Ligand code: UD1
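Okay, here we've got a single chain as structure tokens, the form predicted on its own, with questions on binding and movement later.
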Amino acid sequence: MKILVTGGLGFIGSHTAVELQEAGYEVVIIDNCSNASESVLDGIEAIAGKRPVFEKFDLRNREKVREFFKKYPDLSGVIHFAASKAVGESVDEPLLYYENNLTTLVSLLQELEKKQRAHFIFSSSCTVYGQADTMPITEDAPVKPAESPYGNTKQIGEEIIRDTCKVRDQLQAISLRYFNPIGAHPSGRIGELPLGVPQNLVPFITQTAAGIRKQLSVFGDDYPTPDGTCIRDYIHVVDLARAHVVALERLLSGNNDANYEIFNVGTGKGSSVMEVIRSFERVSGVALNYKIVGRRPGDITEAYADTTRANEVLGWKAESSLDDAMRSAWAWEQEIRKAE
């Protein structure tokens, strides 16, 4: 079966492409390389033994999207990662996020509704919950006003899919609301490779330890948490990638209970920013240069998942620890510095 992975050269997309190929699927990737490198294809091929088909273009180009679906009429499923994803940047550039994250989703769904049957996995986010009232967060928790334009695009994206599924029975969709993906493939061939200054915690940690960044800023130590820093559910990217394959197979086999389903994907455990720093120092043996600075706009206090539904209904569970993820992230950082 042929599966389209949009944003397939990105962090989560590339790991999912590997897991799909190792599960026997043929992978086609669309990526505009705005935050990724074509060299990631080499890493995917080195791990999985096969190079995915690659089409380089921007999904905002509606004509290119139409041409793509004409060229590949035999797609069995779509996993949609392509989106701008930094909370802080979205606060500064809201129109960019609304254009890039929503118009591309609409274009894909417009093509899929032409098919007799379509299977669609949406890369959603725990940001849809905002600051939840209780922890851990279940799928039934209220979707609150978003704390950032990025989070709002995920909320609206889910609404678009839900409304489409109501009137298009041929569309079978799952939204995976995942928490904070970190780590890298154990082979050291692919990992998180942000262009420019990292927007996420772990690559900033590893780049600081490698001497690329002078100092790590910890945004606030006055939150109502045990050590004053924000708490998140950090999930190993390989575990997360496997969840996408399991969700896709649920749709392809017709085991879904409705034509639109939602699952949290996380470890079920919250870790503070300081706990992540300590984990890195423990597994790497490197003392990290960091400083406490003011809070960052758009950040919430804590978020970690109740994964019962994913464990029992989807049949998936995270297997790697925080230390496992930090160890693999550091190995990846060292590997890419060797290549420079």
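Quick note: we count residues from 1 along the sequence shown, nothing fancier. None of these values were measured; they are calculated from a predicted model.
The following text describes the form predicted together with the named molecule, which does not appear among the structures shown.
Engineer: Does every residue of Y150, Q199 and S217 put a non-hydrogen atom within 4.5 angstroms of the named molecule in the predicted complex?
Structural biologist: All of them do, each having a heavy atom within 4.5 Å of the partner.
Engineer: Heavy atoms within 4.5 Å of the named molecule in the predicted complex: which stretch in 100-108, 69-77, 262-270, 232-240 meets that?
Structural biologist: Answer to the contact question: 232-240.
Engineer: Could you tell me if V87 has a non-hydrogen atom within 4.5 Å of the named molecule in the predicted complex?
Structural biologist: Residue-level check for V87: yes, a contact with the named molecule.
Engineer: Under a 4.5 Å heavy atom criterion, is Q155 part of the interface with the named molecule in the predicted complex?
Structural biologist: Close contact is absent here: in the predicted complex, Q155 is far from the named molecule, nothing within 4.5 Å, heavy atoms only.
Engineer: With the cut-off set at 4.5 Å between non-hydrogen atoms, does G298 touch the named molecule in the predicted complex?
Structural biologist: The answer is yes: G298 has a heavy atom within 4.5 Å of the named molecule.
Engineer: Are any of the heavy atoms in S125 no more than 4.5 Å from a heavy atom of the named molecule in the predicted complex?
Structural biologist: Heavy-atom contact with the named molecule at 4.5 Å: present for S125.
Engineer: Name the residue from N256, T164, N180, Q207 that puts a heavy atom within 4.5 Å of the named molecule in the predicted complex.
Structural biologist: Spelling it out, the residue with a heavy atom inside the cut-off is N180.
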